[in-house]
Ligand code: HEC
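Here you get one chain, nothing else, as structure tokens; it is the form predicted alone.
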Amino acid sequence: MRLQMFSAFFAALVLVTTLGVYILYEPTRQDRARADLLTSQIHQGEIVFAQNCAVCHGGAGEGLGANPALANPGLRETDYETLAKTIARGRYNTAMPAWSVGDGGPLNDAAIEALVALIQHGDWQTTRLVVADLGLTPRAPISVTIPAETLAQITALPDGAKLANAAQLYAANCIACHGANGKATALAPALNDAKIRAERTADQLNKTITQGIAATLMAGWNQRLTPAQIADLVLLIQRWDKLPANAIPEPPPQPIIVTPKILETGKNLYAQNCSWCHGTEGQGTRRAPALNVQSFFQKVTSDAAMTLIVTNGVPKTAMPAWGERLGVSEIEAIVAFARQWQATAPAVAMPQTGGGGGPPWQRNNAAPNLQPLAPNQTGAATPGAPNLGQIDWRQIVLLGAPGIALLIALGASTWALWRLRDSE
């Protein structure tokens, strides 16, 4: 009888102890769960930011032109409600549109919450790499320097001091979107345009620069420029045809951001599209010259030049214009992959002969056909999906211990009652 009572007491003691340990560990488990959720939200926020926000705010949240930086301590300390409301509803009379589905935008509440988590807790340098991996880094540089002799020519014109000041303001703030010498880019229209000079008044131009254009990339510059500076820019737009030709030069090429994922993408794209003519290791074939050779890098010294060749092809040769088949980020990935050969490129190329297959339209089913990895097929966990590799064995023990202890106690009590009945 004593043995049965001792067993029941021991089982109850185990149950109470286990529950006590579980209760003590529960706050730690909850903190870990919150940290895991925040990490998942930040990563999702990085993807949403890359796809929707980087074009205006920069790949690392540094801000572009009049669009403010998101990577700053003030926003990090801003409360959740203010940030969520700004993203969801936008800002009136600015280039910041409403992003919430409820206000006509493309983002649901979860995506907006992820963006807030990124702004408040994210690492912007990590975000920069995510944006680069997705091929969404804004390519336009921020500013250029106008040569001193060109500024002197501008200053000699009527109202030359104002025009020279405006030219430097344009080179520092506007060229990223409106292009060299005001000739437009894919982001914004031309300002050096006879139609604008003929049809737009000074007041209309001033209002556009000051207030921006809602629902476009044109932000209001009244927070960055003084009224006098804006007036000078209006004068520049109205008299641009009086300036020296190409007064504001082409911006320097922006180097391609290289990450392991970009190199892997470039490797796969090269194998699929380029290796049939240029060789599996860039050594060249009878159909096309070598890329993995010192002379190639001596003649083609910049990433921009290589990108241009791949995009536009080479007229009157077998080199097609790949810009009609591949996106900008895909072409830049190929250039980044080819660029890595530069450090070890041989002085003389050894063209590949035989075994190289043929161009894509001639290869058979046995030929290699490496495909770029699809999203979420690189081994990385999908944001928000459970990651079994991160389950802590202690959680399993603590979650299961109360039930096990209860079963032991019930079993011991049942056995004790059964023995007591037999003894009677």
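Please read all numbers here as calculations on a predicted model, not as lab measurements. Residue positions are given as counts along the sequence shown, with the first one as 1.
There is another form of the same protein, the form predicted together with ligand HEC; it is not shown, and what comes next is about it.
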- Message: Which is the contacting stretch out of 311-319, 129-137, 154-162, 257-265, given heavy atoms within 4.5 Å of ligand HEC in the model of the complex?
- Response: 311-319
- Message: Please tell me which of 105, 189, 249, 244 lies within 4.5 Å of ligand HEC in the model of the complex, judged by heavy atoms.
- Response: 189
- Heavy atom within 4.5 Å of ligand HEC in the model of the complex: which of 86, 150, 329, 342? 86
- Message: With the partner left out here, check for me: in the model of the complex, does some heavy atom of residue 238 sit within 4.5 Å of ligand HEC?
- Response: no
- Can you check whether residue 57 is within 4.5 Å of ligand HEC in the model of the complex, heavy atom basis? yes
- Message: Is it the case that residue 289, even though its partner is missing from this view, gets within 4.5 Å of ligand HEC in the model of the complex, heavy atoms only?
- Response: yes
- Query: Might residue 168 be said to contact ligand HEC in the model of the complex, defining contact as any heavy atom within 4.5 Å?
  - Reply: no
- Item | Sequence-ordered residues of 255-293 touching ligand HEC in the model of the complex, heavy atom within 4.5 Å | 273, 274, 276, 277, 278, 287, 288, 289, 291
